[in-house]
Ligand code: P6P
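The data below hold one chain only, encoded as structure tokens and taken in the form predicted on its own.
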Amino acid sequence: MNSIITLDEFIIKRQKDFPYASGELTGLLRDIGIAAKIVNREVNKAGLVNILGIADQQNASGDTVQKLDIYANEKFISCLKNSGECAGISSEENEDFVSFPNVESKSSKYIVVFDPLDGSSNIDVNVSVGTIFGIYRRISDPNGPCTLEDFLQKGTEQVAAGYVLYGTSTLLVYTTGRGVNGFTLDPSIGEFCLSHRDIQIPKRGNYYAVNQGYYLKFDVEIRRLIDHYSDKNLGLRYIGSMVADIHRILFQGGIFLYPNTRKYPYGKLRLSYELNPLSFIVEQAGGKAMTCQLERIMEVELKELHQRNTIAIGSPDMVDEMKQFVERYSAVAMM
């Protein structure tokens, strides 16, 4: 019988993998695990406690906010603020970043960016949603408050990233740049336990994920690519929750596309809160992630907190195939 390894035990054992193995990042990841448990509890009983539905407001990215978005955002901020391991956060739900005061004279060395509840519009119909997070080592003076520059680092500077999928079971998947591991929440003991060790994405898959309702609004090269998938009898699987779509692709292979459209000429998804963390995870699992303009996602320069971009992410052979279609059919010369 295999012994159970909890998230806390795994993080502590892997502490030596961290470039700055002094314990702060270990504690920070554990704080995120605690926040995920709290949010999971509320997601699972949302219909009973009147936190379903729209909160009658928009977030900083212009999206309609659900009540559970607000709850998840508050809980993650609270857990990250109280331990003293985090100097500040930037969230999809907040207009600006939030700097935390030092706790018990600690000089916090890390900042966290996150989407507290990705796909939250699905919660009312009981479809999987998730949390996405990225962690950076701050570049400002650790003895002072964090600054905007701390949050505008490229995705290549992430020291850890992960997501939590609140589905039929609740999983936390994360990387610190030494592979990708997944943990399933065991409700009987209240712990995330190692369930998926060293996740590797297949080179190809039989599925693609894209909002095909926008087909006529995509550029010609993306339409040709979708036509190619149809000719090859690939299955269309699009959940509308990026965490759930990427989770499936990690295990079954495939590609997730969110190209530019007429309404969103620069793309719709947020570079900081969604694209960089998930790209770090997918690359660590052997996959690829690039913009539909063929720039590696994690090398895109971040100029503002809520910057949007396009993305093609998933199995390496399929992302390479997307690149070939863009190079062949795009009306704009590619680098």
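For every residue, the number given is its place in the sequence shown, counted from 1. Nothing here was measured: the structure is a model prediction, and the numbers come from that model.
This next part talks about the form predicted together with the ligand, which is not shown.
K.L.:
So which of Gly240, Gly177, Gly84, Pro142 gets a non-hydrogen atom within 4.5 Å of the ligand in the predicted complex?
P.N.:
Spelling it out, the residue with a heavy atom inside the cut-off is Gly240.
K.L.:
Of the residues Phe183, Tyr207, Tyr258, Tyr136, which one places a heavy atom within 4.5 Å of the ligand in the predicted complex?
P.N.:
Contact with the ligand in the predicted complex is made by Tyr258 alone.
K.L.:
For the chain shown here without its partner, which stretch in 149-157, 207-215, 186-194, 163-171 has non-hydrogen atoms within 4.5 angstroms of the ligand in the predicted complex?
P.N.:
In the other structure, the partner sits against 207-215.
K.L.:
Are all three of Gly119, Arg270 and Glu274 close to the ligand in the predicted complex, meaning a heavy atom of each within 4.5 Å?
P.N.:
Every listed residue reaches the ligand in the predicted complex, so yes.
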